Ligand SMILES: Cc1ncc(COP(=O)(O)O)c(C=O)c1O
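A lone chain, given as structure tokens: the form predicted on its own.
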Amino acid sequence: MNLFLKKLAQLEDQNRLRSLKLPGGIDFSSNDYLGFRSHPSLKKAAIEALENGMDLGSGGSRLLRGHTEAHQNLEEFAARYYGCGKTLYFANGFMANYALFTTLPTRHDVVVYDAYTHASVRDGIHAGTAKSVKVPHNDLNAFEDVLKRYRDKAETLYIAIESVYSMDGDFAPLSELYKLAQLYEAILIIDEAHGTGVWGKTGKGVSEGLPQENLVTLHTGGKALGVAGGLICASADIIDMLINTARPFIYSTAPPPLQAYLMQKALELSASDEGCTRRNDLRTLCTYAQEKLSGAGSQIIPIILGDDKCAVDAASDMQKAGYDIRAIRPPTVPENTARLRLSLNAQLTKPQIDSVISALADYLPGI
């Protein structure tokens, strides 16, 4: 125990000790981009499903008795919704990514991944058997150099990226990366966690409209959709491969059927007129905030302060002022880039954005 106490004390000295903190104040930190997590229609759907006899738990893994109509209906609906061959539902996006990268790439393959790709992707890559190469963030030349280098050495090449990066809020150059994937016969895997529901012509993600050939996308339920779970969308052979060989799928208890049911209802809500209105409201706020703060135009705006203690103190000041803003520190972000992460949602107003910018004035001397 002394060993752990010593390590915790070291984290505290470095201003990197983390603790759980309940929400409070105006929400500038969650990923509930469309305000769906408390949406009346989803609450009503949950109540009606339970009253009609839907079970609380699944009772087993999907390959045993844990596969229910709710899971099957969701996956069939999602395949039509995203226009892919087949889909597979996991309890959360982290597990979906982990399953992808510990299953599909083999020791004969190479995974080329962006330096800012999410921890779930990197953990899956590191736990897998394929060779992996990290390239500088959004550097198309670096991606192509690695693909060219391994084209004749690897059985299969994989490219791993996010559509919207969770800490910097910038977009991946998807069209260009898709062209590289086609040129070098690579499989492009796009984590749409922060794109689902928010971006794309109809809210299906930044990748909406890309051809499905050699494409895998991950869409999470726990952010803009307001519920929980991770959907892998791909060709039928890839999904069948995961069903047969992905250990996180085979040996995990299936997500509750209610969770799968609500994921489908949230997708339907996102596709509705109300979902479109909320999406447009959020995009308007993104444009408004972009005019006042530096950022890449998405719903995620980093306020980079550099020093860990400065970020912690700034977050504390914002919380005392009534704004729920959290400090993000290494190793989540690179050294010397500790920051506040402002996350916009459709329920915020322009006056609230103005007020939080005023509250941040001491940390944004240029404003």
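Residue positions are given as counts along the sequence shown, with the first one as 1. In this text, all values refer to a predicted model and were calculated from it rather than measured experimentally.
If you look for the form predicted in complex with the named molecule, you will not find it shown, but the lines that follow are about it.
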| query | Exactly one of 120, 207, 264, 87 has a non-hydrogen atom within 4.5 Å of the named molecule in the predicted complex; which residue is it? | reply | 120
| field | Single option in 249, 158, 82, 94 placed near the named molecule in the predicted complex, where near means a heavy atom within 4.5 Å | value | 94
| message | Which is the contacting stretch out of 287-295, 272-280, 220-228, 71-79, given heavy atoms within 4.5 Å of the named molecule in the predicted complex? | response | 220-228
| request: Report whether the minimum heavy atom distance between residue 193 and the named molecule in the predicted complex is within 4.5 Å. | output: yes
| message | Even though the partner isn't displayed, in the predicted complex is residue 102 close enough to the named molecule, meaning a heavy atom within 4.5 Å? | response | no
| request: Report yes if any heavy atom of residue 166 sits within 4.5 Å of a heavy atom of the named molecule in the predicted complex; otherwise report no. | output: yes
